[in-house]
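What follows is a single chain, given as structure tokens, in the form predicted alone.
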Amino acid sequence: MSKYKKLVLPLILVLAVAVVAVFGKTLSTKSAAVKDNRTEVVFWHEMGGPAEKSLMKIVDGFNKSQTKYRVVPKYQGSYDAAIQKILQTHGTGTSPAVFQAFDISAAQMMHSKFTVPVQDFIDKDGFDASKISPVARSFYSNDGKQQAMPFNTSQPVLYYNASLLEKYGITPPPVSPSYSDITRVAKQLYERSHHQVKGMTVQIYGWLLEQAMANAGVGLTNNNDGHTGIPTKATINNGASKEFFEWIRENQKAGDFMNYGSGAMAGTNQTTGFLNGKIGIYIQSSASISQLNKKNKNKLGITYFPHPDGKKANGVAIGGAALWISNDKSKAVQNGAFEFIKYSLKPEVQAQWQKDTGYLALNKDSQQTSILKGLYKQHPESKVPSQQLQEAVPNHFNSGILMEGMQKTRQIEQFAMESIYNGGDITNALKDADKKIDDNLTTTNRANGYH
């Protein structure tokens, strides 16, 4: 036997064994599915890392809770990548039965006509949706129908280093603070630490600008942020936006404001600065709580998103993603998808999801579970984001922005914020943002056939 054959034959044998092992596993799985007559429900999601492990608990729990359906989870990468896959595979055998899509794709998914409103299943099943957060539900509602069901949900909150405030004898801000309440704390912290600690930061992030407008009761676009018609004109250049940026500029001039910039590194750096005691206050997603509680050597304080002076907070919108049901699957598969959604919203399931990930429990009965009561006993501040969510009354301005092209809008908002943070004229920057968003809306609406 030649040297070549001696090398190749063992390699072929190894490959053959590997192929048998792989396909044997696939066939045995399929045989099991046929044997117990379960209907397979393919679920596409974008949860990675620790959140994915928590999500698998929900999937496994559902599969063990009944014998009619089997949910098969498949990770799809980033939110943006998943949306493109969903749109491109619809109507094929590889498309999902139920999928996770992020908040700013809501309008795109509604207009695609690729989904079945979950309201159809709610009505047929008699499911009591009133148990689920009204503000969260309103984000994914349109024409009086629940289009999708909110799932991994967060809101922006304000975090402060309670240990530093105690050290320097500073009175903490109220649970629903005004801009001046936060300025007071930031200035005092900066001065009493002899400029060793910066008082506050607000990341250059369009989502936070949108939330400032929402909390002031104004919209980013006409037609009530898209809830009463297709948006055709941006309205960022408004009094609420100017007041928000004037608040930031006041703190910049006082020296207590730290500008970490924009993007993922800015988010990482501000969190690191906060955990290391270099910055006293910052605003970020409520889903950050788990990370802050695990890595924080200081006492954590949390408040609602701040509101303009002299005005009551209107409430902020949610972030995160929702679960949608595809309309290209059989009724049996669609029913299985809804059963999975219902299971994910059970009080205990939502409570454990909040404890594990920091995402907010959407079922109001979750607050009475031993899971969350135990969490709040250990970390009392963790209850604040849930209170913010519960207290808000849904309206057009705190129910999200139903507009296609939001990714581009976020880029335009970021550019305006960078200009303002670097000393540019506030009004001119906002006017320029409106014009650029208007141009993008015109292009997008024309491409989609909206008139």
Partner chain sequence: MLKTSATDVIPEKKVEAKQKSKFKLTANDKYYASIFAGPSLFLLGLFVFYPMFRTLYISLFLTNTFGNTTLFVGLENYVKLISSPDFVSSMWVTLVYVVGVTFFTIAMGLLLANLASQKLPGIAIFRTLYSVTMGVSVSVAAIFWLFIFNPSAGFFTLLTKMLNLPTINWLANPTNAMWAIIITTVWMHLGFVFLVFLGAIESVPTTLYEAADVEGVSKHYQFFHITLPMISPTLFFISTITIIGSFKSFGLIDLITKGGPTNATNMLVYRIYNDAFFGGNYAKSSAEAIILTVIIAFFTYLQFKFLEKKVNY
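Residue numbers count along the first chain shown, from 1. All figures in this text were calculated on a predicted structure; none of them were measured in a lab.
Omitted here: the form predicted in complex with its partner chain. The next part is about that form.
- This chain is displayed alone, yet in the predicted bound form one of 272, 92, 228, 171 has a heavy atom within 4.5 Å of its partner chain; that residue is 272.
- Just one of 66, 422, 390, 37 comes within 4.5 Å of its partner chain in the predicted bound form, counting any heavy atom, and that one is 422.
- Using a 4.5 angstroms limit between non-hydrogen atoms, residue 408 touches its partner chain in the predicted bound form.
- The shortest heavy atom separation between residue 242 and its partner chain in the predicted bound form exceeds 4.5 Å.
- Interface residue remark: residue 87 is counted as part of the site for its partner chain in the predicted bound form, having a heavy atom within 4.5 Å.
- Taking the partner from elsewhere, residue 130 is found to have every heavy atom lying beyond 4.5 Å of its partner chain in the predicted bound form.
- Contact here is defined as any heavy atom lying within 4.5 Å of its partner chain in the predicted bound form, and by that definition each of 112, 258 and 447 is a contact residue.
- Exactly one of the stretches 182-190, 272-280, 365-373, 340-348 approaches its partner chain in the predicted bound form with heavy atoms within 4.5 Å, and it is 272-280.
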